[in-house]
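To begin, one chain is listed below as structure tokens, in the form predicted on its own.
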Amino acid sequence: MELSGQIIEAGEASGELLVSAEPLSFWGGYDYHTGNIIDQRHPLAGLCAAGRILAVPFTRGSSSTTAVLLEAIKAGTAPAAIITTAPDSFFALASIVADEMYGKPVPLISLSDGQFALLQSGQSAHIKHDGTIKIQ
């Protein structure tokens, strides 16, 4: 299956999908030391997003998500890429700043709700620089 998304931050990434229909707050919900999702009320609680392609519709909370994601990028515990259902300014800002500061942007792709609904945790995905996502 191949999906075509809107590029928010270009890049290439491959990895296992970690998918939730619930938004995620990185502030208090993501441990940037380990890459684990620590919000016990979130469906992905206890799972590690580091190195995986995280698919959540959008962030929940405030700009603190940007700071936590930026720390995870610096620590090497960030998702390999993030897929959302609409452009998310908090994720985008973290990726842009990480690119400027560390030369490590996180690819960000936005899919339509219908395409997002096709994603399942455990699938293998490859995001291409042109915003195409190949799912296996």
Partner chain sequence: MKSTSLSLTPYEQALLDGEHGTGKQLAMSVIVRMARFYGAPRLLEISGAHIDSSVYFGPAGLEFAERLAALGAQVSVPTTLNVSALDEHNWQEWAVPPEWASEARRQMIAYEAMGCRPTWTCAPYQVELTPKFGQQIAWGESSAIVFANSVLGARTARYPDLMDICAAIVGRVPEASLHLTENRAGELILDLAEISAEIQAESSFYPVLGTLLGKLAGNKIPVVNNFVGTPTEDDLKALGAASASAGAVALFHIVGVTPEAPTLDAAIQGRQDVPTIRVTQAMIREAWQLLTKASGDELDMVILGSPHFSLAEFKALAPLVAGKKKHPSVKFLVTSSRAMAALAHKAGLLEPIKAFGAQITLDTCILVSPMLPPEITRLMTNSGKYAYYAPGLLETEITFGSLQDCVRSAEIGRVTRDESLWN
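All of these numbers come straight from a predicted model, not from anything done at the bench. Residue numbers count along the first chain shown, from 1.
Although it is not shown, the form predicted together with the partner chain is what the next lines describe.
Student: My question is simply whether Gly61 lines the interface with the partner chain in the predicted complex - judged by any non-hydrogen atom within 4.5 Å.
Tutor: Close contact exists here: in the predicted complex, Gly61 approaches the partner chain to within 4.5 Å, heavy atoms only.
Student: Examine Ile8 and determine whether its closest non-hydrogen atom to the partner chain in the predicted complex is within 4.5 angstroms.
Tutor: Yes - in the predicted complex, heavy atoms of Ile8 and the partner chain come within 4.5 Å of each other.
Student: With heavy atoms only and a cut-off of 4.5 Å, decide whether Ala67 touches the partner chain in the predicted complex.
Tutor: Yes, Ala67 sits close enough to the partner chain in the predicted complex that at least one of its heavy atoms falls within 4.5 Å.
Student: Do Gly51 and the partner chain share at least one heavy atom pair within 4.5 Å in the predicted complex?
Tutor: Gly51 lies outside the contact set for the partner chain.
Student: Just one of Ser25, Ser14, Gln115, Gln123 has a heavy atom within 4.5 Å of the partner chain in the predicted complex. Which one?
Tutor: Exactly one listed residue reaches within 4.5 Å, namely Ser25.
Student: Who in 94-129 is close to the partner chain in the predicted complex, meaning a heavy atom within 4.5 Å?
Tutor: Heavy-atom contacts to the partner chain in the predicted complex: Ile96, Val97, Asp99, Glu100, Met101, Tyr102.
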